[in-house]
Structure formats: structure tokens, C-alpha cells
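For this one, two forms of the same chain are given in C-alpha cells, first as structure 1 and then as structure 2.
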Structure 1
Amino acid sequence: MRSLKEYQTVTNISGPLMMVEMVDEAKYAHIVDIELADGSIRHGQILQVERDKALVQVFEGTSGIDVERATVRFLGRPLELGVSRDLLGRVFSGLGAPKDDGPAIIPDKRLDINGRPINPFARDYPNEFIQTGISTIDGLNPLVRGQKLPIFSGAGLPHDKITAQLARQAAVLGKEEEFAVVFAAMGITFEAAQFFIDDLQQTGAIERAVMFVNLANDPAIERIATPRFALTAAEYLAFDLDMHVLVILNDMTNYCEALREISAARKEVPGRRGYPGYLYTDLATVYERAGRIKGKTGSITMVPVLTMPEDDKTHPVPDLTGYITEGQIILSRSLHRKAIAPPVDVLPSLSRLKDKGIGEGKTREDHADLYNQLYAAYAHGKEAQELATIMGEAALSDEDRKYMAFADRFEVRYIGQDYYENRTVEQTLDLGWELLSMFENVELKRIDVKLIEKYMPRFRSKKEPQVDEQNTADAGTAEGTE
């Protein structure tokens, strides 16, 4: 190993940033070690170099560093993670150091945590349906392998329970394959992290999990690196070891705040709400690492979690996330108050890749038409509900009242399930038909007639017999004659 030059030329320290002068061979984005007067070591990364000056961001914060005695070593490499199969079952800090009692990892190779962008031509289209056992996801917003589908949550909403449920239940139909869960915690509480770990332990899935944990009281700047460590591990597991990896990033809002802190310290021109103008690009370098690659078995499916300040979807963090990810699952406070769990707000939630992962041979032929119809009917019902709150239920037409009843039933039976209930996709689809059976066939405009004829009779027969559409029309004419 070549000897590293040491510098004691720290000049300015401000916020998380530190200026080192009279250095040579400082390279952009390389890392440094900072040795304090008491012998402790901190880590930093070069944000900018100008002639012999290097601007360094210190991950653990700058408190206690002084300009006189701090020694800086330029390591001449970017931030790296040593990877091997032994990553599985381990817990690391937000900077990739072992945090459990286990030994240090003996790496097969060391990887730059920034990774490299996947060539768009090398991507394979995500089209394998993942059954999560949650009706609102499987039925209405199907998740596919290689997708990035965030959960937009808010303070006090049960996103932790949902991510745990996803980690527990997600499986591809009819396949037994190697899977792994990579969990990156950024600024979440000890309780929330422990809940997730305990849950994995109970199901034994902990042996197939890798965790990078930066808790709320850990250094904030470290969070900038945490998701990148997690994704580097995920890429290794997926594309070198052929595993199907589910990555959970919780909570991206904290990540963005750390980014804002750095940006403010650098006195950059702020964008909306003080977040830097490059927030979109930065988030993209995290989210776009999900995917499948042609010729490789493994895949990375990503579920980032973010809390929307004030439940505001137009806040920069959810807004920019929504522009990058392939849909979003939004949680609803009003459903949560009604004790409907998991409280997925169906109407604004969306999975962009749904159409590729469902249908004959994947889930069932009626899936697409069915979710379109359920959506339309529920949207109509919600509108009627709103109208009723303004003008009273009496003002509603019979039709509106019917849709309103549907919306109520839909919320209780379809959206509502238990965090430990694992519904198969058939159960979810059948439930949809059952709920729709309160409408006449002619009202189900979004469903192909052939499908209605094939599936609906099973659910109609359970209820009181109904006249078919032709008779209804004739009955109408007959009445008119009288």
C-alpha cells in the first residue's frame, strides 16, 4: 500500500464542510480520513477542488474538529463498499461499517457506492407480477419485478407496518427463487428500525436481509451515503449473485433534508423550499438503480418510503420522487382514522407498470378491465360522498346513492384487510367481482362483455336473482306504455 500524504492545513470549517489547503492530488468525489486531536477518525468526501484547495463534507459532522490539530489523509479513491455473500444477515451503519457483533466482511471486491448508470439498452422490461398479498396493490396497483414503487406516507401513518408486510409476503407466483431484502434506514427512530428487524427475525427472513441503519440520532450527513451503500449491496446480490432483491429505503425525506443541509452550507442558489436545484438528478441516481438487466437472472425492486410534510403531495420531495418512480402508493389519513388497514388511498395511487405484469398467463385475463371498472366505480362513489356532505344525502340521485354504497363497501372489504392477511391474487380479483355484482351488467362499461359473461354469473347467483339487461330495457319500455 502506498503511503498517503497527511495534511494539517485545514483552514475553514463551517457547518458540515471543511476547507483543506495546500493539497496536491485531491480528486473530485474521493474520500478522506480526518484524524482528530484525540485520535478518533472521521470520514469525508471531496465536494469541490480548486487548485490546491479541497472542500470536504464531513459525514459525522464537524463538531470537535479544530483547524490546528486535525490531520487529513486523502485516500485517493471514491467511497466504496466491500461486498461478498457474507453481507446477508448483517447490520451495518449508514457508512457501511459493521454495526452488529459480527466480524468484518472479507470482501470479494470493492465497489464504488455511486455505481454506474444502467445502459437503457441493457435494461429488461419489468413484467413479472409480484404478489404482495395486499389487495390494493395486487388488484389495483400491481408491483412488478424491477419496479420502483414508493410509499407516500405522512407522520403518524403506518408505513412501517406496510413495508414489513411487503418484506414478509412479496413473492412471484409459482416460483421458488433466491431472494434478499436490503433495508436502508435513514434518520428513522430506533423503534421503527427495530420493529422492522424484529418482524424479519420472526419470519426467519433476517438471514436473507442486509441492513444499513442510520438512526435519527446518527450523523445527518451520513444519510447521503446510506442509500448508495444499500443499493451497491443490492446490485451485487442481484447482478452478481442472481438474487431477486427487494430494497426498502426509509425515509427519503430525511435523505433530502441532509442534502439540503449540504447545499445550504455551500451557499448554493436554492430551488423550491430551500432544496437544491439538482434534487431531481440526485434522487434519480438513487431510484434509477432499480431494474432488471438483459441476460441476468436477478432484479432490484425498490420501495422507497417518504413522509410528506403536511400530507402535501406537491412538496418537492414527493413531487420529484413521483416524477422518477413508476407510480406511487399514497396512504390516506382519513382511511387510517376509519381504522381501515392498510390505509391505501386508491384514487391517487398508481402503478405505471401494471399493464405489463398482469393478464392471461400472469395473473388472470380479467385483471385489467376489472381494476379499471373498480377505479371508475369507486371514483364515482367518492364524488357522490363529497356531494352528500355538501348537500345532504337526500339530494343524491338513486344512481349516486348506489355508487356511494359501493364506495363504503369497497373501503371496508377491499381496501381493508389485516397486516397479516396474505390474499392471493385470485382472492383479490374475485372480491372485486363480488363487489361489482351490485351493478347491472350494462353499467360495467369498462369490462369486456365476454368477461362479464364468464365471471359475473358466479357472483350473481349468490344474491337474489337479477333480471338480465335485455329484460330491464324491455321493462322500461313496458312501463312507458302504461
Structure 2
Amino acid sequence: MRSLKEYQTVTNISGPLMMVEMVDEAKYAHIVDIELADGSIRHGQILQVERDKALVQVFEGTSGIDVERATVRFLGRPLELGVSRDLLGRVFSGLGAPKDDGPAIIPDKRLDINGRPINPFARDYPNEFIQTGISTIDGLNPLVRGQKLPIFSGAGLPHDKITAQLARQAAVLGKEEEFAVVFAAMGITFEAAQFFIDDLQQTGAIERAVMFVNLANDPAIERIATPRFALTAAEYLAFDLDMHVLVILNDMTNYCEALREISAARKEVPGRRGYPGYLYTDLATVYERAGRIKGKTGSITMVPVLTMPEDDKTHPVPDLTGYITEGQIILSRSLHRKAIAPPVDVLPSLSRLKDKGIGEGKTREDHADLYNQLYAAYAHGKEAQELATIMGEAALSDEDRKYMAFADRFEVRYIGQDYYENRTVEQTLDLGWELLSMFENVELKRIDVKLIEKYMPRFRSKKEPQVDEQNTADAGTAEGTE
């Protein structure tokens, strides 16, 4: 067994960072133990090595460390996570320690949390549908296995409820394959963490989930490691146990703030808005661990959640995330004010891989035409609402009023659904046809005529008896008047 090297040559402490000099064979990203004068142990990771000097970040913080009496023990290995199937149903800290009063994991193997880059040639193209039970995602911005689809939110918007709903409801259709959820919470409050844990436990979804929780009062350095622990667990479940894994990272803005804090402590030259210049590269090392590998049954699908400061989409975190991922689900503050939940802003939201995961044999043959028509009709309705605000509703044409009424109904019935309502993709598609039945067939210009003839009649027949009853009532009233 390799002997551990110990040093009592700490020369400087700045914030969470510690400088150790006269070291030998120190390597980047390896971990260390720091023994204090009272015998307590803290843990750290090597951030930088320059000749015989090593810069160490201390996970528990440097408060109370005596420079002259501290002993630093170099362990000669990177941060690792012990993995086995027993990870499922468990809650861990941001550094992979059990947080649910359960026993320690007896690992089948130990894996470096930094993972290994997936060979681009070995990547398989995402092309299989994941049902989330949320109409605005399944119907208009489908999630595909192996995709990275972030949620762009803002302060006070209910992204926690949406991610909890995803963790409960997400499922693979049509095949008897195991599905798991890995949830990484970074910098969230105790109340939010308890909400996620209670929700998964009460609904039974915890049995197929693994949670890594870093609270707002936990060290910022731990926050940087949390998504990597989560993704290491996901890679084991996906590529060793052949499971389909949904990884939810909430909140990536807190992760980036931790990066900025560490960068400032290291006195690095700042980039945009004080974030380090390598922010894009660092985010890519997290996001690009999602995907599918040729010859492997399992897959990793990722939903990062980030809060946009001041709802600004040009902020570095959402801006750079948009470059690396395949689309975005944007939450709307105006819909939230209308009490429409989940408040997904349909028009700017986008899943760039939606065409690959839908259609006959995956969802239904009418899916693509239907979402194009719904999107176009809703966009027309929102334009009409803007015109009504400027010019007054009296200035609108009959067609504009019709589309404006459609937009209102679409928001209430299609976008709006209870957070515990799990709609199948068939229910979502049927709801779309029902809403479009207010238009004549000739107005549905983005749907193939054969599909209209196949699917629309049963929704028209639902409306006709109501119209006849109303006409009969009107006629009866007229006869009584005469």
C-alpha cells in the first residue's frame, strides 16, 4: 500500500484556500486530509500545483486552523464515490456522505467524480421519447433520451414544483426498461430540500431516486463537487446497470456563484460580470456527461435548472448554458401572475431535438403537425392580445378575436395543469385537437388533411350536441315570446 505523505508546511490561508509548500508529487484534483491541533479532521482538494507548492481548497472552511500546528496529509487519489445499486432510494450530502440516517454504502467499485469524457465517435444520437406528464413539454417541447434540456426560471417562480413533478412522473414508454432519477440540489434552502425529500417519499418515487443535497449554508466548495457526485452515480446506473437515468441539477446559478467565489479567492482575472473566464469550459464538463453511448442500453438525460438574475436571458449563466445544451424551457412571470401553473412560456421555449423523439411508433403520427398548428395559433392569439392592448378590442377583426379567445383557452386548459396531474402523451395530443376544434378545417393550414379527417371528427361531434341544444333553447324562447 502506498505510504501517505504528511506536511506541516502551511504558509498562508485566504478564505477557503490554503497554501502548502515544500510538497512532493502533489497532483491536481487529488484530495487531502487536514488534521487540526485538536485532532479533528477536515478535507480538501488540490486546486493548483506549482513546483513544490500546492493550493488546497478546504471543504469545511479554514476557520480555526492554526497555520503552525496543522498537518496536511496527501492521500494520492482524486475525490471518489463508492457506487452500487444500493444508491437508489438514498439521500446523500453534496460530498456523497449518507444524509438520511441510513447505513454507509458498501461499494461495488469506487469511481472518480470527474468522470471520463465520452468519445464523440462513440456517442449515439438521442431519438427516443421520455414522457414527463407535463403537456407543455410532452406536446410542444418533447424531452428525448440523452438530451440536455435546461429550465430557465427566475426568483420566486415555481421551478422547485416543476422539477419535483419531473422526478415523480418521468417515464420511458413502450419498453420494460429500468428508469431512475438522480437529483442534485445545490445551494438550496433547508425548506426546499425537505420539500423534495418529502415529496419523493410520500409518492414512492424515492425508491427509484438518488438525491445529493448541498444546502445554502454548506460550503461553496462542496457546491462545486455536488453535480459531479450526482453525475458519477448516474453514469454507474446508466452504463453499468443499463438504466435510463434522468439527472436534475437545481440550481446551476448557485453552482456558478460558488465558482465565482473560489475564483475571486484565487485572485484570478475575472471575465463577464466577475465570473471566471473558464465558466463555459467548466459548465461543459458538467453538461457533456449526459448522452447515450453506442452499444450501451442505458442513457443519461439531463434537466439543469437555473434562475436568471433579474430574469435576464443574456446573463452569463443562461447564455452559456444555451450554447451547450439542446434548447430551453422558459418560465413566465406573467403566466405566474395569472395563477397559471406550471407557468411555461411556450413561445420562446424550444427543444432542438423534438423532431427526433416523436412520430409514429414513438408518440403518434399527428404529433409534429399538431404542435406546429398549436404554436402558430397561440402566437397569433398573443399578437392579437397585444394589438387589443394598444388599439382596443373594437379595432380587432373577427379572426383576431377568435385567435385571442383561443390563446386564453390554451393557457388555462393546455398550459395549466395541477402539479400532481400526470397526463399521458395521448391525453396531451387529444387536448390539442379539442382546443383546435374551434377552428374550421380550412384554417388548420399546418396539419395534413388526412390527419384532420382522421382525428378531428370525434372532437367536432362532442361540440355539435351542445350547439344544437343551445339553438333549440333559443328557438323555444323565440316561440314563447311570439
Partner chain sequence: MSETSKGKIVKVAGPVVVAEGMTGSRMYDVVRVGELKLIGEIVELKGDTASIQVYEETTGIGPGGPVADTEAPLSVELGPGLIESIYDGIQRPLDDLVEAEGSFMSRGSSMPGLSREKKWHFKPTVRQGAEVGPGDIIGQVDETTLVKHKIMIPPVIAGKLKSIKKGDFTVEDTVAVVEDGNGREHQIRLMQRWPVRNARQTQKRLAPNTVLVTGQRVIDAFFPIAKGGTACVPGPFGTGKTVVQHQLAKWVDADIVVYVGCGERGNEMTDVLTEFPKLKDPRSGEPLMKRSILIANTSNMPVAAREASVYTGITIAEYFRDMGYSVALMADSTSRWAEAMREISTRLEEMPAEEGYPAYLAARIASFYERAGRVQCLGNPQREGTLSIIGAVSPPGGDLSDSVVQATLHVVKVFWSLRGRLAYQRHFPAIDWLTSYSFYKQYLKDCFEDTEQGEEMERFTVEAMGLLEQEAELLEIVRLVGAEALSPKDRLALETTRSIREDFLHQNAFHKVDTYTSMTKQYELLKTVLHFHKEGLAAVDAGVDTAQIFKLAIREEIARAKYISESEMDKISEIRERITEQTKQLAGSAVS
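These figures come from a predicted structure and were not determined experimentally. Counting starts at 1 with the first residue of structure 1 and goes up one by one along its sequence. Just so we're on the same page, rigid core means the largest C-alpha set that superposes within 1.5 Å between forms.
**Q** Is the form predicted alone shown as structure 1 or as structure 2?
**A** Structure 2, not 1.
**Q** With both forms fit on the core, is the shift of the CA atom of residue 387 between structure 1 and structure 2 2 Å or larger?
**A** Indeed, residue 387 is displaced by 2 Å or more.
**Q** Please check if residue 435 moves between structure 1 and structure 2, taking a CA shift of 2 Å or more relative to the superposed core as movement.
**A** Result for residue 435: yes, a 2 Å-plus shift.
**Q** 2 Å or more on the CA of residue 378 between structure 1 and structure 2, with the rigid core superposed, yes or no?
**A** The answer is yes; the displacement is at least 2 Å.
**Q** Where the rigid core has been superposed, how far does the Cα of residue 444 end up moving between structure 1 and structure 2, given in Å?
**A** Shift of residue 444 at C-alpha, rigid core superposed: 4.1 Å.
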